[in-house]
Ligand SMILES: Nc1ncnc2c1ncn2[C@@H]1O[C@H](COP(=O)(O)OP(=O)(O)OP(=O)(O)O)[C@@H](O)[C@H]1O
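Below sits a lone chain in structure tokens, taken as the form predicted alone.
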């Protein structure tokens, strides 16, 4: 299964979440590889420095899941190619109204280059018990993709994972990531 993570805006959390989803899938016994198509190569560096249980994809390699991180540029041929080869597409967005327009633009690009029906919206940095958290369903409708049932809360340990790897996550954070990863594989 090839899963492409995308958003036309930097800072949405797609690199962090794509790596953590890969770690969660590897934790439950799946062979996971990562293809870093973002020119910044943040994910590649993260994998090399923290040595999680996922690997950098090799041409011709055999994996249970191939996760692709894309650049935050909707006009990039790397984004278009990544969408075309995906089995599933995950649009990562915060519930912020400021992210609404870029997410809508990203949906247009997804529809132009992804010819399957397995695209979904993953809300990231959700602050529970807030007005925006209560409005996720109408926000997903405005963006134009169905949202996963699970969201990712705003937690500082996710930022720490960039330096410390998977071990930076406490039990509730690992469980949250695992629930999203399992939902991602079954939608």
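Positions refer to the first chain, counted from 1. Only a predicted model underlies this, so the values are computations on that prediction, with no experimental measurement involved.
Although it is not shown, the form predicted together with this ligand is what the next lines describe.
Contact check for residue 154: a non-hydrogen atom falls within 4.5 Å of this ligand in the predicted bound form. The shortest heavy atom separation between residue 40 and this ligand in the predicted bound form is within 4.5 Å. Within this chain, residue 11 lines the site of this ligand in the predicted bound form, having a heavy atom no more than 4.5 Å away.
For the chain shown alone, residue 137 is not a contact residue for this ligand in the predicted bound form, no non-hydrogen atom being within 4.5 angstroms.
Listed residues 53, 125, 44, 50 were compared with this ligand in the predicted bound form; 125 is the one with a heavy atom within 4.5 Å. Every residue in the set 15, 72 and 159 has a non-hydrogen atom no more than 4.5 Å from this ligand in the predicted bound form.
Heavy atoms within 4.5 Å of this ligand in the predicted bound form are found in one stretch of 22-30, 127-135, 145-153, 53-61, which is 145-153.
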